[in-house]
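Just one chain is shown here, as structure tokens, and it is the form predicted on its own.
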């Protein structure tokens, strides 16, 4: 949480942090600003002090909405710095960064840099800045960054943003189920009123429309995959595929707040009209593991590594291959049990092969639980996923309920 920032900075031996880039679709900047319309900004936080936001004067009203101490870039006359830099635009930009750091008393120690911007620009600016401020060590974190660690636990306001996306998600999923049920089947395929086959692409266009109507975004697309595609975990589905009765459909939807805010992540597996014997058996195994994990294993302070190991145990006991028994397998259980969720679809804690001792279900985490089985050569796959919140009292809450039913009834 944001309240942990100073302690985490001390642990990481960071005297300051600098976040660069726009405020929207830039998780680290969004984390501090709340997704205001800021085309390009710089946020600097010194350990033990409140952040300072540097913004364009054209976006002064947006900057004011953050409640942060804010300084207009108009305070830094570009022409004066350009003159000092001998007409070199890049060097003038570096000089402005140097002045901003000096103005917030950061000229020595260790400073971490975060955010999203063109890598060439970032490399050029901070390489030159390091030379101008030799007593300030500018560092970038490669893996479990300080800000990502802060974002691992969510405060009440963040959880409510995720919950709101969950409500939109289940509304879209319900509309999708109703849309499918409104069609009849002919020769084992869903058809429209004019008799033409309904396709995956047409369903996904409806999903996109409903997401926008309900006030969210879908920047990562949606997985709506049938048959063999359902057997490949991240296949988004083939737009031209017909919706055939009895085959498994993996429907994985991970919408986001407008402006690049908080996500929700959710998956159901459906069969239209009926399920084949193989599809029903596959679903029953995934459902059994889902319920065992949710009812018996998911609890406060459970380690991510242990949750993944137990999931492997359960699927292996049911006779399925796993990536633990064969790291190269493309059948059976081939991914992690889940992941943290927030401003990115995939955050910490990890509940899979990459989990470390830090990856536990602490109070305040929001994670997905998503066991699945995949058999592409048999033309089927199944995944069930819900997003859960570990409340401050340690109780586990599913943030958006929706039935786990396999069959979508279809009229012949």
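Residue numbers count along the first chain shown, from 1. Please read these numbers as outputs of a predicted model, since none were measured by experiment.
Below, we refer to the form predicted together with a further copy of the same chain, which is not included among the displayed structures.
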With the partner absent here, would 205, 213 and 330 each sit within 4.5 Å of a further copy of the same chain in the model of the complex, counting heavy atoms only? yes
Which of 336, 231, 115, 261 has a heavy atom within 4.5 Å of a further copy of the same chain in the model of the complex? 115
Heavy atom within 4.5 Å of a further copy of the same chain in the model of the complex: which of 156, 196, 182, 127? 127
How about residue 138: is it within 4.5 Å of a further copy of the same chain in the model of the complex, going by heavy atoms? yes
Please tell me whether any heavy atom belonging to residue 120 falls inside 4.5 Å of a heavy atom of a further copy of the same chain, as the geometry stands in the model of the complex. yes
a further copy of the same chain contact at residue 385 in the model of the complex, heavy atom, 4.5 Å: no
Distance check, residue 90 to a further copy of the same chain in the model of the complex, heavy atom within 4.5 Å: yes
Within 4.5 Å, heavy atoms only, one stretch in 188-196, 291-299, 101-109, 214-222 touches a further copy of the same chain in the model of the complex. Which? 214-222
